[in-house]
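Given next, in structure tokens, is a single chain: the form predicted on its own.
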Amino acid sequence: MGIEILGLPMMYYIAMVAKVIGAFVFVLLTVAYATYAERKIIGHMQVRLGPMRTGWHGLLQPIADGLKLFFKEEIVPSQASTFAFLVAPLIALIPAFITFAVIPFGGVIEVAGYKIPLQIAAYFDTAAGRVYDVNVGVLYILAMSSIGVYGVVLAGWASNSKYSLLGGLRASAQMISYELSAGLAIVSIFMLTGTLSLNEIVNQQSGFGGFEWYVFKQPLAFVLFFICCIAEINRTPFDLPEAETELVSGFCTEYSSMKYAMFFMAEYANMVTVCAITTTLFLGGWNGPLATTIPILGPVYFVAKVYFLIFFCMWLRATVPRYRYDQLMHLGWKVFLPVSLLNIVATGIWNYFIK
């Protein structure tokens, strides 16, 4: 392992590939079985059993659904803009996966004498004795989340269908409305930490046995950010871009087979990403009791927190009815935006007079 490429040891590149594959497999498996979990959880909440016939208690249902969609007929409307119609699912799906590049899912582990940080876009500087990551990781996440909506808008426009176009327009308006409030909600976190590095934000939440989380210091920002993110990824009760009672299936009405499956995957991948970001910013990331002394506990804590938030999203879907579009816009512009601005002012006063 003494071989070096561009001044870095070979182990660095091996670890990088392993982390990329690990994160990709984690998101992919979570997406697959989140569909199963949601059907089971909502089923039990409605006094039903959910999937039961494919495998033990329906555990093979995601595989059966994937095979079914793979072998279904591919249909492209004759009047559609073909290239845009085909590329839109990719634009919606890819940003949800590459966002994980800057999210730390564990501390530093030692492999073959090398210290490896459990974060894809990061490396451990032996001379400095610290981890270096993307120092504007939060901006990277906000940029990638903004790109994903282009796939939805493009799908609505390229389908050459009025229902699809209305769904795409709703998605763009919804993203603008709630992206602004979500960005302002986490400004208070930057005011407390003084950094945009996700690794540093996690490290600053490691006090008091791993429970110095920003959800306790900024509970209002946590609620605002999480709700805005749910609205931004079009999850119930904010799923207006694909409201089946009004728009058939919204922006993906004309899609079938694997292209439709990619939009479905994008929705759940975005949900996983949002829960991972919320965990990192507000719930201490991978921090927890003994996480620094027993490194394997870091990823366990991280996954447990992410899965809890995913469960909450599913619980919300089974509980709250869909908003009307005017209610959605009212909540975003007249409630969340002013409240997030007031929270920034309050945080500034706290930092100046008390901290």
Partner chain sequence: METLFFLIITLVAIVSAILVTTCKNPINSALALVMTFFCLATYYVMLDAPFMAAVQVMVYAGAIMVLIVFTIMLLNIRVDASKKHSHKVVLGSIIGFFTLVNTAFIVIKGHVASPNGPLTGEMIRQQGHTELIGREMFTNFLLPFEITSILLLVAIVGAVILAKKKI
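Because the structure is a prediction, the values reported are computed rather than measured. Numbering follows the first chain given and starts at 1.
The discussion below concerns the form predicted together with its partner chain, not included here.
Peer 1: With the partner removed from view, which of 157-165, 252-260, 272-280, 225-233 is the stretch that lies within 4.5 Å of its partner chain in the predicted bound form, judged by heavy atom distances?
Peer 2: Residues of 157-165 come within 4.5 Å of the partner.
Peer 1: Looking at Leu192, Val76, Val215, Ala173 here, can you tell me which has any non-hydrogen atom within 4.5 angstroms of its partner chain in the predicted bound form?
Peer 2: It is Ala173.
Peer 1: Given that its partner chain is left out here, which of Val187, Leu86, Val136, Ile109 has a heavy atom within 4.5 Å of it in the predicted bound form?
Peer 2: When its partner chain is considered in the predicted bound form, the option within 4.5 Å is Val136.
Peer 1: Ala23, Phe26 and Leu29 - do all three of these have some heavy atom no more than 4.5 Å from its partner chain in the predicted bound form?
Peer 2: Verified in the predicted bound form; spot residues all out of contact, no.
Peer 1: Given that its partner chain is not shown alongside this chain, does Leu90 nevertheless sit within 4.5 Å of it in the predicted bound form, heavy atom to heavy atom?
Peer 2: Leu90 lies outside the contact set for its partner chain.
Peer 1: Could you confirm whether Tyr150 comes within 4.5 Å of its partner chain in the predicted bound form, counting heavy atoms only?
Peer 2: It does: once its partner chain is placed as it appears in the predicted bound form, Tyr150 has a heavy atom within 4.5 Å of it.
Peer 1: Does Leu169 reach its partner chain in the predicted bound form, with heavy atoms at most 4.5 Å apart?
Peer 2: It does: once its partner chain is placed as it appears in the predicted bound form, Leu169 has a heavy atom within 4.5 Å of it.
Peer 1: Using heavy atoms and a 4.5 Å limit, would one call Ile94 a contact residue for its partner chain in the predicted bound form?
Peer 2: Although its partner chain is absent here, Ile94 would stay clear of it in the predicted bound form, with no heavy atoms inside 4.5 Å.
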